[in-house]
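The data below hold one chain only, encoded as structure tokens and taken in the form predicted alone.
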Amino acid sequence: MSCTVVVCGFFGDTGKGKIISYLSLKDRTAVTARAGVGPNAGHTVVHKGKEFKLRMLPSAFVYDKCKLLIGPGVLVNLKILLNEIELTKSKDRVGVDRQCAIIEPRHIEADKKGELAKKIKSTGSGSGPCNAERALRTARLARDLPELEGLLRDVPLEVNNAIDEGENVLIEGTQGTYLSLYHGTYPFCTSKDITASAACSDVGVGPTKVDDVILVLKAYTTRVGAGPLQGELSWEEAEKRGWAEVATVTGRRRRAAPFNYELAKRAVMLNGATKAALTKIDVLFPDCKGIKSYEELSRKAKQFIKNVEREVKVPVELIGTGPGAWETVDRRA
């Protein structure tokens, strides 16, 4: 039984939702707590042939015995949250910390104009302006909303109790290491830190309670919005390679580039990663689609995985071979 933090090693879009959903089902996770900024990050989950795009609830909803919590460091859009609870039929398992700040219409309006929209190409979710108000201590909190009264919880207490009782706990990070306000490509970044240590702080878990940090890397690199992307390909070239994607939250085209070993190595350092998950192997090597055994992967795919392990110096223990939660190679002991 353990507490594991799952974070992205690039600019988001690496498949954390898929990895979280797989881990919740495979390990029968008791509690998953969502960390990160808020509804400016989208996680896609494919389970039993159905696709879910989530911006507030943890991706572990697919395991029907998992408690789904939102940590006090996360911003909440009430409408999106309630819609997702209805979509996933999970109301009896959801808890929102009383200290979560609430995104209001004025935050969304401010996010869609001015510097954030023009230069940084923000998602327009209202997260940046809301976090600015939170820093000024003027934002409204979840405890102020009657609509949330039945969902309010002491999330740090519930998460720590679960860890102390020996249950499996996941902390679900959002966005990516290089969108961190402190460690990312400033000013082309999000409005707070989102590395593993920040994810722990978001849900109220101290560093000594964490057993593993899984760094999720995609077989190629993508990012949405403005900011540097080394080795960026044209959209036409991305389409030829099968790397052309659109963002979950905004629907914008994701800019694409080859796998960046230097960024991956630094992300291991910044997050204190103990393991890596490598997703979209099936896009890079189509003959690996749907494979669930490492031995059955192609020679080229195995060589790529070995190259990643050699460079980043942590084991690649989870390998995504398709969008479905169970389309995963699990090399954990």
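Residue positions are given as counts along the sequence shown, with the first one as 1. Computed from a predicted model, the values in this text were never measured in an experiment.
The same protein also has a form predicted together with ligand IMP, omitted here; what follows describes it.
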Given that ligand IMP is left out here, which of Lys209, Arg241, Arg252, Lys79 has a heavy atom within 4.5 Å of it in the predicted bound form? Arg252
With ligand IMP left out of view, which of Val205, Ile85, Cys189, Leu233 would have a heavy atom within 4.5 Å of it in the predicted bound form? Cys189
Does ligand IMP come within 4.5 Å of a heavy atom in each of Ile120, Gln175 and Gly225 in the predicted bound form? yes
Would you mind picking out the stretch of 61 to 69, 33 to 41, 294 to 302, 274 to 282 that comes within 4.5 angstroms of ligand IMP in the predicted bound form, counting non-hydrogen atoms? 33 to 41
Taking the shortest heavy atom distance, is Ile103 within 4.5 Å of ligand IMP in the predicted bound form? no
I'd like to check something about Phe11: if you look in the predicted bound form, is any of its heavy atoms closer than or equal to 4.5 Å to a heavy atom of ligand IMP? yes
Can you tell me whether Ser125 touches ligand IMP? I mean in the predicted bound form, with a 4.5 angstroms heavy atom cut-off. yes
Indicate whether Leu179 is a 4.5 Å heavy atom neighbour of ligand IMP in the predicted bound form. yes
